[in-house]
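In the block that follows, a single chain appears as structure tokens, in the form predicted on its own.
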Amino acid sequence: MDQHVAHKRPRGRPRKTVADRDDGNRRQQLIAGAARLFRRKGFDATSTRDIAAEAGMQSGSPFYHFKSKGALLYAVMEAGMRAAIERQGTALKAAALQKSEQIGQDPRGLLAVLIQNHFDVLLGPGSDFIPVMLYESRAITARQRATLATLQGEYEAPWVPVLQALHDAGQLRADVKLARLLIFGALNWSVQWFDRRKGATVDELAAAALALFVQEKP
């Protein structure tokens, strides 16, 4: 047997090294830490030194991963939207698997799922990302806003047929497009005033919102 057998080159992507994985983790730490600070203090009042300290890094480390504080802000917003899209898709798939007629077929039940999930995105654990996008968008570029608008459209798309079905059934009397805008406006504003320490739960908030927006079947 030939002792000089050449090793086959492995197919596919090369495995990530420990350093690569560590860089990825540090990037995510920066994004999560920045999201917390941008929400708590605002973009303008948060320094890169603050962000580095929040992530447990040296003061100059954020610039290894992001060109500027503005680039980090956009990364926070994009990460938040992509996570929200994925989470909503998971919630809808779970609802589709349920045999309950109320959730699986009734549009009011589907709207309940969408509202509950949206409140979880806005107010649940790790919910700093979307509020930052809602209130700091003036600090990013027009191109970045356009990309986020595309992601936002992807997120809101599953709501349209549900609202249309409710409108057709007489349970939603408003124009579907206006209803969608008003509903999201009301839900998103909850980040300004909701405080679970004052007694209400997210579940109670979702039930109240559903009762406000749509009627029961006649």
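All figures in this text were calculated on a predicted structure; none of them were measured in a lab. We number the residues from 1 along the sequence you see.
Another form exists, predicted in complex with a further copy of the same chain; not displayed. Remarks below refer to it.
Interface membership of residue 138, defined by any non-hydrogen atom within 4.5 Å of a further copy of the same chain in the model of the complex, is confirmed. Under a 4.5 angstroms non-hydrogen atom cutoff, a further copy of the same chain in the model of the complex lacks residue 157 among its neighbouring residues.
At a distance threshold of 4.5 angstroms between non-hydrogen atoms, residue 65 is out of contact with a further copy of the same chain in the model of the complex. Taking the partner from elsewhere, residue 27 is found to have every heavy atom lying beyond 4.5 Å of a further copy of the same chain in the model of the complex. 174 is the sole member of 149, 53, 32, 174 with a non-hydrogen atom lying within 4.5 angstroms of a further copy of the same chain in the model of the complex. With contact defined as any non-hydrogen atom lying within 4.5 angstroms of a further copy of the same chain in the model of the complex, the contacting residues in 40 to 55 are 40, 41, 42, 44, 45, given in sequence order.
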